[in-house]
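The chain below stands alone and is given as structure tokens, in the form predicted on its own.
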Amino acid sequence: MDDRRGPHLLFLTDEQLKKGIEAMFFAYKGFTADPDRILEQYGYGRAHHRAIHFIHRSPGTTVNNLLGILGVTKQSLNRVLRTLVEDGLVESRVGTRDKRERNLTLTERGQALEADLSDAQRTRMRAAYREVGPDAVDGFRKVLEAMMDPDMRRHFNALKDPE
């Protein structure tokens, strides 16, 4: 068996790891290119995309929860949210349990933009997954999860769909 596969994964060379790192960079560039073209039409960037994505995944989420998921400063997130609210894509309501909280949901326009952005990424991922097969899909997800910091893994696991 080839030493670069199967049970020998713990013995990857620095060159193999470097190729994996480079593959992640280039894959991320491709993964974000399609949504970037859509976002450009609105004058938005990736921070807007991430906010839209996670508000969609957790309707009614709080600003503090979104801060934890995105790992950005409150000032940075507030700039993004202000734009999305002013443009009619996100609705911010006073919290029902705590009046200091703001609960965030996508408007119909926000849901439509989220669908366009997600469709573009799903199309790319679906094509890649079909090309590599189900074992690689499962392995890829496991690698990504193993690379997450524990706090981010908790956020990720909280977002998983029930199976």
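In this text, all values refer to a predicted model and were calculated from it rather than measured experimentally. From 1 onward, residues are counted along the sequence shown.
Only in words, not in the display: the form predicted together with another copy of the chain, which the text now covers.
**Report entry** Contact test, all of Gly60, Arg79 and Glu86, partner another copy of the chain in the model of the complex, heavy atom 4.5 Å
**Finding:** No.
Query raised in the report: Wondering, does Arg50 line up within 4.5 Å of another copy of the chain in the model of the complex on heavy atoms?
Result: Contact check for Arg50: yes, within 4.5 Å of another copy of the chain in the model of the complex.
**Report entry** Proximity of Val94 to another copy of the chain in the model of the complex, heavy atoms at 4.5 Å
**Finding:** Output for Val94 is no: heavy atoms all beyond 4.5 Å of another copy of the chain.
Query raised in the report: Going by a heavy atom distance of 4.5 Å, is Ala128 a contact of another copy of the chain in the model of the complex?
Result: So Ala128 counts as contacting another copy of the chain.
Report task. Indicate whether Arg124 is a 4.5 Å heavy atom neighbour of another copy of the chain in the model of the complex. Result -> Yes.
Requested in this report: Taking only heavy atoms into account, state which residues of 22-36 are within 4.5 Å of another copy of the chain in the model of the complex, ordered by sequence.
Outcome: Counting only heavy atoms within 4.5 Å of another copy of the chain in the model of the complex, the contacting residues of 22-36 are Glu22, Ala23, Met24, Phe25, Phe26, Ala27, Tyr28, Lys29, Gly30, Phe31, Ala33.
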